[in-house]
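Below you'll find only one chain, the form predicted alone, shown as structure tokens.
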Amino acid sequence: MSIALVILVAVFVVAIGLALLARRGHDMSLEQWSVGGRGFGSIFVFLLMAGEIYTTFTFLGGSGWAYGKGAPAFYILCYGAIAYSLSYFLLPVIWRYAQPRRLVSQADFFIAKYDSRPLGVLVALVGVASLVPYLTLQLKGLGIIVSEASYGSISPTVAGWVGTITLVAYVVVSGVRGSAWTAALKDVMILAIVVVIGVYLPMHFYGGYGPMFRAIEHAKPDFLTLPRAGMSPTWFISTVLLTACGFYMWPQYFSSVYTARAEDVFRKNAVMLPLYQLVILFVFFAGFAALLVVPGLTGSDADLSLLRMSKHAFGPASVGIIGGAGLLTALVPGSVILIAAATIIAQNVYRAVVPAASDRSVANVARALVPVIALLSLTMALRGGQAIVVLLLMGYNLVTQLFPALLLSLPERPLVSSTAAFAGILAGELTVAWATITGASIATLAPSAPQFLKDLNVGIVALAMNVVVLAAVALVTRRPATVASVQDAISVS
């Protein structure tokens, strides 16, 4: 057994041990299992949210897009900083409403706010549909990392199966507490390793950042600027807007809000998390450095660039440590995604079908759903195909359709009816599904349209359809405005 594989196994065992240790002294009721008993302070909430945000998407997808796409990858830097700023105002409002009502899922919030169980079922289905490609992303990344870091001694298929089985076991046993404890180990490792490789690789192979970017510009002119068509400035701006609005619409991020013990936790995180975006810069530097050192990686293979580059620069022990950190970027968010998806189905679909179900039976159903969801995602991951960032953008197209209805629900009384919210979300999701299945876009539907319209992200087009339908139905179903509702809207804005 190589030293790289030994280190990978050691990191894996420590992570699982931490997750199992986190369960001690806690009865795993649904509330404990899914939202940690609502007792997390600033540090654990920070680690949990950062653990979900900095995933294999950051570790492999960010470097892969820097390697394969160039300048368009910088959208990843922009949307997170905007979303964190938005969270300063958004998340405390959600927490204040959710805390006294003991909400445990994202759909619970919509049900309570709009007094509509059908809307909750729709939100639940949207959440699960978006989480499956996101979990697929993590399992696909896990297979890549273990296979590359073990120098091919473990195949992506075997790595995927072993990782998924172990992930399911510790999620069922430890719930979100296990995720938070493991996130602490992951963040320490990933911060140190990403900074080291982001500094060392450009220095080692090029002599510094300036020489690296000059070499790239000489070999691939305009690689570091946005193209005029395709991933143009229009695509860039619309994608940043889409992902910033959808950032906290992911069910696992939304549910993490419920874990906090006080609302000031979110304001502290909103100040600190934008600084965490700097980590992504070093991931980009590693991807750019790989461009001329390990050329020829195309399509989804671009996601291999960081690890292939590391194997050129470091010995097996260092590669094992880098692979171990990458392994944690799959396990931590993968566990939280599984918890969120299983909780949503049990709490908002199963309970809607069986209203008399006890909390214990709902908790048991949630745990039973974990292996089912994991197996579905693993099957999709093993089929190969799309690059990691593409999978993430697919999920964003789905979850961002919840944003208008959420925003309009923040006053004490929602500004639109549940029927309008339902219709808007459904219209947006159907537009996303149709565009995804048919490959349709403004460019294919209207070839003579101005280029800036043709380059719009399809998720933004779906969001526009969402808002139009929501507004039209709201006009038909609106209630007479009251002084109180107007004052509520002004106070929130």
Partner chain sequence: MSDATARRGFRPYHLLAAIPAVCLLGGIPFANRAEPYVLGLPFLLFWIVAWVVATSAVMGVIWLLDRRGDHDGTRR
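Positions refer to the first chain, counted from 1. As the structure is a computational prediction, the values presented were derived from the model and not from experiment.
In what follows, reference is made to the form predicted together with its partner chain, a form of this protein that is not presented.
Looking at 145 to 153, 184 to 192, 240 to 248, 354 to 362, the stretch with residues near its partner chain in the predicted complex, meaning non-hydrogen atoms within 4.5 angstroms, turns out to be 240 to 248. Contact annotation for the candidate site: 77, 96 and 268 all lie close to its partner chain in the predicted complex (heavy atom within 4.5 Å). For the residues 90, 125, 375, 281, the 4.5 Å heavy atom test against its partner chain in the predicted complex is passed only by 281.
Out of the listed residues 157, 225, 298, 379, 225 is the one that sits within 4.5 Å of its partner chain in the predicted complex by at least one heavy atom. In the predicted complex, its partner chain sits within 4.5 Å of a heavy atom of residue 81. Its partner chain in the predicted complex is approached by residue 274, whose closest heavy atom lies within 4.5 angstroms of it.
At least one heavy atom of residue 85 is located within 4.5 Å of its partner chain in the predicted complex. In the predicted complex, residue 236 approaches its partner chain with a heavy atom inside 4.5 Å. Contacts between 195 to 233 and its partner chain, taken as any heavy atom within 4.5 Å in the predicted complex, involve 209, 210, 213, 214, 217, 224, 225, 226, 233.
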